[in-house]
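The chain below stands alone, shown as structure tokens; this is the form predicted alone.
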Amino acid sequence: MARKRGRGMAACWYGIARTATVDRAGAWAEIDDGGSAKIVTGVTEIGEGILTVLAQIVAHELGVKPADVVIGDNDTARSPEAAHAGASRQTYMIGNVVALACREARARLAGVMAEVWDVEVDLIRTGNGECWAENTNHRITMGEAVDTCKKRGVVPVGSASFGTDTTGLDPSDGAGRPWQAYVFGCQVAEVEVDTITGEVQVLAVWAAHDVGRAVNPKGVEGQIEGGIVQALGQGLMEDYKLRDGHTSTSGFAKYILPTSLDVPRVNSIIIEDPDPIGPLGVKGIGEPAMVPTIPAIMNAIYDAVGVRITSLPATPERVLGALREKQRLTSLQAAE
């Protein structure tokens, strides 16, 4: 048969946030006139969807509607430090600090409303743009609640800082705490290998990942799918070459990238094992999504045709070379 199918599996663990150094982030939050929410943090949106995640967190924590959440200017000259968009840290670091800032702002509003309504502060509830007291008939809009606060001289504003308790590794014994939060994942890849051309096609990937608490499940699935496609490109196509210190792949004519036609069917399984330290229980799923993909594909190639590809990418030329070497060794063994 010219085409053979195989399946391979790989697992991974990954540390969230900056490595072996204290990561940190700050945020300000305010419930503003009309019941809208204003958040200021130095977060950077580069396509990962953090602004949507923050809007959901703010809406949940303050009780406003997501459409009424305004993420302020992230100019670091005017906003608290948030550090970089990387290390799969945005949801973990910025999400947690924004939640803490929102809780302080809400506590100010709840304290005033409890005093006005003469109830215990624990009975104050907020949600969907409204504020009410449990087991009573007291219910007003968040805009009215803010107006009540300000007439009593209270601005429902909060600030917070969130940092990690991490250390470097001891050179003598390797002991240390390089990360505060860890995620785990496992993927199974199914491939089809053409033994005549050496071409490998990834048919499907099953990806199960622990993400802590999933704030936006669709966003999580999108990041898993994106990581898998990126890894597929690295594992099978992208071949950056240098010659005498200069690149010989200076354009996309020779540096091949996956297209929509190369994307396999991805079956995402979200595992929610909340982080025990952060207030939200979130972790992250950026870089971890692509870590097990390549070894799973390479194991699937081995399952299909019995050859190990140990140098990336697994181009048709490399696969054919491995198949010919296998055939040569088999012939030698038969001759003996």
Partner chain sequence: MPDLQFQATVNGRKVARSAKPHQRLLDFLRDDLQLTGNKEGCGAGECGTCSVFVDGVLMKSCLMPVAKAQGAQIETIEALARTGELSVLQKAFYKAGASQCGYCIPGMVMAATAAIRANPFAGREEIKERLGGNICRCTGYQKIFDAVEMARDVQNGKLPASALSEIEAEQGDFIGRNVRRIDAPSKVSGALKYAGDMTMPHMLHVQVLRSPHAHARIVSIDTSAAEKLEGVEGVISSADVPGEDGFGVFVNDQPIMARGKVRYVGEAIAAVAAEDALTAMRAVEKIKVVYEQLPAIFDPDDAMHDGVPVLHDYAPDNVTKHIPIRVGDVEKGFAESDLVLEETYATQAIEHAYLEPEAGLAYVDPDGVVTVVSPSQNITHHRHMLARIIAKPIAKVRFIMSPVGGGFGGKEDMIYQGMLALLAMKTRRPVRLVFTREESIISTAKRHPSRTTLRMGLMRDGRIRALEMKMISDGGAYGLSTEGVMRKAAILAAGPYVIPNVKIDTIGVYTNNTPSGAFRSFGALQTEFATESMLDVAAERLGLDPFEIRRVNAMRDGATTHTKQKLGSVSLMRALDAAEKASAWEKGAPNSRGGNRNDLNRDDVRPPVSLGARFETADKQEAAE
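Note that this is a predicted model, so its numbers are computed, not measured. Numbering follows the first chain given and starts at 1.
Keep in mind the form predicted together with the partner chain is missing from the figure; the text below concerns it.
Stretch 218-226 is the contacting one of 156-164, 218-226, 105-113, 143-151, since its residues have non-hydrogen atoms within 4.5 Å of the partner chain in the predicted bound form. Contact annotation: residue 214 falls within 4.5 Å of the partner chain in the predicted bound form, judged by heavy atom distances. In the predicted bound form, the partner chain sits beyond 4.5 Å of every heavy atom of residue 120. The shortest heavy atom separation between residue 138 and the partner chain in the predicted bound form exceeds 4.5 Å. Mapping the unseen interface onto this chain, residue 39 falls outside it, with no heavy atom inside 4.5 Å of the partner chain in the predicted bound form.
Using a 4.5 Å cut-off on any heavy atom, the residues of 20-54 that reach the partner chain in the predicted bound form are, in sequence order, 20, 44, 45, 46, 47, 48, 49, 51, 52.
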